[in-house]
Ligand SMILES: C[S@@+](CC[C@H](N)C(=O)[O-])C[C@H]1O[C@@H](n2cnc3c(N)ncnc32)[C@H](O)[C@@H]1O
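We begin with a single chain expressed as structure tokens, specifically the form predicted on its own.
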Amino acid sequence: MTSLTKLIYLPWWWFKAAVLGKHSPLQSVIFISDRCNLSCKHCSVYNHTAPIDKTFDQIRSELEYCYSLGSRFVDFEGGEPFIWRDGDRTVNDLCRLARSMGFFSCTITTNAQQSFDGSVADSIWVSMDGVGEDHDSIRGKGAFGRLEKNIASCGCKALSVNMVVNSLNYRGVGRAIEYAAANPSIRSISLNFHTPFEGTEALELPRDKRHEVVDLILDYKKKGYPIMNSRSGLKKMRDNKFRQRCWMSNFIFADGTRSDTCIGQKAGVCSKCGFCMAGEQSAVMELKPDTILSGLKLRV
């Protein structure tokens, strides 16, 4: 799929949404399994008791559905996507399938606890919740060491890290940004905040601390550090006082449940949302130049 095709489709999609009021997703998040090799403190997804692994044909059907809605970018998530199998098929086969259908790009979100050398994803997001002990305090002893080893050997030129800031690791945000900038295997870092789903409320960052962290991130961004979040999106996430456009992404969960908005809406936690994509999506619809440029850099 050429960049020109994307650049034609994207403004047409925006025009239909903003002017004609035809809301359709641009990105799909498909959870291919809830099987995982970690038990992170903040996670409400992993299932060690009776994990679900979707079949290749089931995911094909879900991709066809998402494409029919207008979605052109897909993110495969878990659980841990790189341990998904259906016979001899792996998540690489899902990426090839999606692109053959016409999706512009495929992203895989991973905890990087096992080697993913040879991935054919267009981009990879590694969940990194701090440096060293900050990360291990949330994901388990030795998790950061395995992450370092596997991102260094993967060979992916479009690998970025995603940090979820919470009450345990917020003091290490600056250190994480500096680490990402200094690591030759990492292209950029994205910052989010913990969303207090049931059972994880203690990890929510107090509002005053959230303000401090957003201001810190903005300062690092001003200095030129490779932060994926746009300034406009970050400012919206400071207080969560903005018009939400979360219909820009649709979700299909491990049990096959389909949703045209984030799971946070059903959980009633939108006012405490920490998913910074919400701010980015709102800013895109307002044609904030910095957000559009950030999105194009990421997707095109």
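Start at 1 with the first residue shown and count on from there. Since we're looking at a predicted model, the values are computed, not measured.
One more form of this protein, predicted in complex with this ligand, exists but is not displayed; see below.
Residues of just one listed stretch (85-93, 193-201, 174-182, 209-217) have heavy atoms within 4.5 Å of this ligand in the model of the complex: 193-201. Interface residue among V164, M228, L159, C106 relative to this ligand in the model of the complex, by the heavy atom within 4.5 Å criterion: V164. Only one of F275, F56, F253, F242 comes within 4.5 Å of this ligand in the model of the complex through a heavy atom, and that residue is F275. Using a 4.5 Å cutoff between non-hydrogen atoms, N169 does not count as a contact of this ligand in the model of the complex. Remark: G79 counts among the residues lining this ligand in the model of the complex, judged by a heavy atom distance of 4.5 Å or less. The closest heavy atom approach of S119 to this ligand in the model of the complex falls outside 4.5 Å.
Looking at C36, you'd find a heavy atom of it within 4.5 angstroms of this ligand in the model of the complex. With contact defined as any non-hydrogen atom lying within 4.5 angstroms of this ligand in the model of the complex, the contacting residues in 27-65 are C36, H42, C43, V45, given in sequence order.
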